[in-house]
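The data below hold one chain only, encoded as structure tokens and taken in the form predicted alone.
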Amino acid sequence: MTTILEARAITKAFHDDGASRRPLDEVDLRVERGELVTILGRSGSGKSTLLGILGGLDRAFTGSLELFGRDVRRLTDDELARLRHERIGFVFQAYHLLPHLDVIQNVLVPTLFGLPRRDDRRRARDLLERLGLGDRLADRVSVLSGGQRQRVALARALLCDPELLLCDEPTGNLDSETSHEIVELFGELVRRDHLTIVAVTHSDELARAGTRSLRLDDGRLVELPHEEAR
């Protein structure tokens, strides 16, 4: 199997008003290609902080992180930005869509930060068709439902054909039916597209669909027995 990311002894501390808080305390995590790994934990436990580190968005930590076999600490800012753009997709709980743009323009936003390809617009249309939004390409995202906005955000994350998808509460703002559809879609992306997904979540359904589930508690990441995740 191919290792997509490997984190060793990741530690992150915050210092506020003389007090020190350590949401991550020597966290180890190894993710192989084609896995759907879910990370559970109470609110404020550090799940989103860990996801930012795993995606190379935050390098203010101790320990080591390799992405696709490359030591993140040895990469220049430009090299890391290129790696994120070309090989990693992000789905945020708050969507981070641009309300003044229409659906397909939001999906094409990543092309503003890298060299556009001739087939970007066609791929955006294909992704939106696959996600059930083929008839909403010209709509402003401000008129979409929460589930539809999440699908636009997912299409944007998939535009550059990433190998790794990092998701922060991807079903957190969705109703149960839409949440179920997103969970099924993640399973399809792993099985059919061989995508690797790491998602922090409170969703039991998403955890059950995962290859592995882990819990972040008191700064430590602990793998859950299969029956407990279910």
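Quick note: we count residues from 1 along the sequence shown, nothing fancier. Between two forms, the rigid core is the largest collection of C-alphas that superpose within 1.5 Å. Please read all numbers here as calculations on a predicted model, not as lab measurements.
What comes next is about the form predicted in complex with a small molecule, which does not appear here.
Listed residues R33, H180, R42, R70 were compared with the small molecule in the predicted complex; R42 is the one with a heavy atom within 4.5 Å. At a distance of at most 4.5 angstroms from the small molecule in the predicted complex, all three residues R21, G46 and T49 contribute at least one non-hydrogen atom. Taking the partner from the other structure, the small molecule in the predicted complex has no heavy atom within 4.5 Å of any heavy atom of Q148.
Within 4.5 Å of some heavy atom of the small molecule in the predicted complex lies at least one heavy atom of E169. Relative to the superposed core, A94 shifts its CA atom by 2 Å or more between the shown form and the other one.
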